[in-house]
Structures are given as C-alpha cells and as structure tokens.
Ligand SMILES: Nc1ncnc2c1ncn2[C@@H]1O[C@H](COP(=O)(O)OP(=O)(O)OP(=O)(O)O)[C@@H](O)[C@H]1O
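Take a look at this single chain, the form predicted alone, given in structure tokens.
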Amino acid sequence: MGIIELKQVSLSFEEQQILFELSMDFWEGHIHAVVGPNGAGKSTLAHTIMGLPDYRSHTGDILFAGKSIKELSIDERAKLGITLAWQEPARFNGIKVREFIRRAGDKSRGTKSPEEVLNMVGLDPGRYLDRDVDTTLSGGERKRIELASIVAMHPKVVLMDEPDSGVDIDAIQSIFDVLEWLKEHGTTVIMITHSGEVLKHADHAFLLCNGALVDKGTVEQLSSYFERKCVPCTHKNVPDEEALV
C-alpha cells in the first residue's frame, strides 16, 4: 500500500477533462518521478494531491496512509505532512530567510537549524540568513531556500514541481542530495518533471500523456520515452511503429 494512493481520479475544468481516471500508488520512503511532455497533466496532478482550491472538484478518491483526504483542505493536508514545492517559489516581502525557515520547522521531528539546512542546499548562511525572501533573490535562490524550509519541516510527502527549473548546474546536485537525504529519513518524494536527467534520480516513475497514465515502472523502463520522445499509447496522435524505431 502506498502512502499516497489515487483511485480513478478524474478532473475537468470548464467542461474540458484534464485528468483521466488516474490510479497510482506512491510508496513510502521512495523517490518517484512523474514524467511526460508539457501539458500532460503533471502539475495538475500535484495540485490535485495537495488540494489546491481550484483542484478539489475531482471524481475518484485520494488516500493518505489508507484514509481518504478528498474532503480535506490544503491546510488540513499540510498538517498531515504533505507539502508542495512550487516550480516558481513564492516571494515574501518583509520576511527574512532565517524566520521563513524557522516558521517551517517541525520541532517534534527534531528540526535542523536555519544554518544547517542552508548549508545542505549549498547556500552560505552568512550571506542569506538576514536577506528578505523577495525579488532580490533569484528564482534559483528562492527554490533552494524553499527546499531548505522543507528539510526543516521534515514532511511525510513532498511534491516537487520541476526541481531543476531555474537552478544552475552547480546547484542542482545539492538539490538531489537533499532529496536523497529526505528519502533516507522517511520522506516520500514525488518529482514532477519532463527532464531525463531528473528521472535518473528516481526509484520509480510514472508516465503521463494527455492526462492519462501511459506507463509506470523502473527508471530504466521509462527512459525510452526520453530516448524516442514518445512511446506507444492510445493518444489520437500516437506515431506508427516505424516512427518509433
């Protein structure tokens, strides 16, 4: 049984169906990747699991540790230990990095200090602790600070939307090191990505196309999607077999 389970989840916006009867199990203490082309429904899936207001009208069910969370608000899901790291992290004018991380910390789970978690994500505490979480920070810096706050939070499930977006090549390895640390300490990581390089850091993967689950399995099994840019499926635009050779 997965810590997060989707049971025939479908979602529509303005009469357009976005997700099609998704049934997926995300195993506890693993790093999962949800891959697929732009517009496949990957971010929509993450927002639906998190319970964002515009994504609550789905059919089917979502279970956390075996219990339905379909009727729970985003705040109630967060209290259970589910969190979402945005592709474009939020800005908080007037809040220092030190305070931002402290507010996220979970003392009941032995939270690390702001200095420790900044070092883990490759940021010098002396340079960042007293800066505001605002537009003076680059998108990549805010993403790493958000990840530092997640380490302090020590959630049970973290949804990472495009973890490599806006992050330079020197920083990306520290992000993957932190995700591995979270896994080793019991957190389930769900990475939303269209990157073959990000996929390599997962234990297990799901492939979405046009809002439907096309395939699932090991990283090696799903790497063919990136090698060929497509796999056989029921989508109306599926290429013929010769195109996949």
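Quantities reported herein were computed from a predicted structural model and do not represent experimental measurements. Numbering starts at 1 and follows the sequence shown.
Here the subject shifts to the form predicted in complex with this ligand, a form of this protein not shown in this document.
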* Verify the contact flag for F206: yes if a non-hydrogen atom of it lies within 4.5 Å of a non-hydrogen atom of this ligand in the model of the complex, no if not. => no
* Is F13 close to this ligand in the model of the complex, meaning a heavy atom pair under 4.5 Å apart or at it? -> yes
* To do: Decide whether G29 counts as a contact residue for this ligand in the model of the complex under a heavy atom distance cut-off of 4.5 Å.
  => no
* Asked: So in the model of the complex, does T188 come within 4.5 Å of this ligand, heavy atom to heavy atom?
  -> no
* Only one of 214 to 222, 179 to 187, 63 to 71, 33 to 41 gets a heavy atom within 4.5 Å of this ligand in the model of the complex; which is it? -> 33 to 41
* **Every residue of I18, E162 and H194 near this ligand in the model of the complex, heavy atom within 4.5 Å** => yes
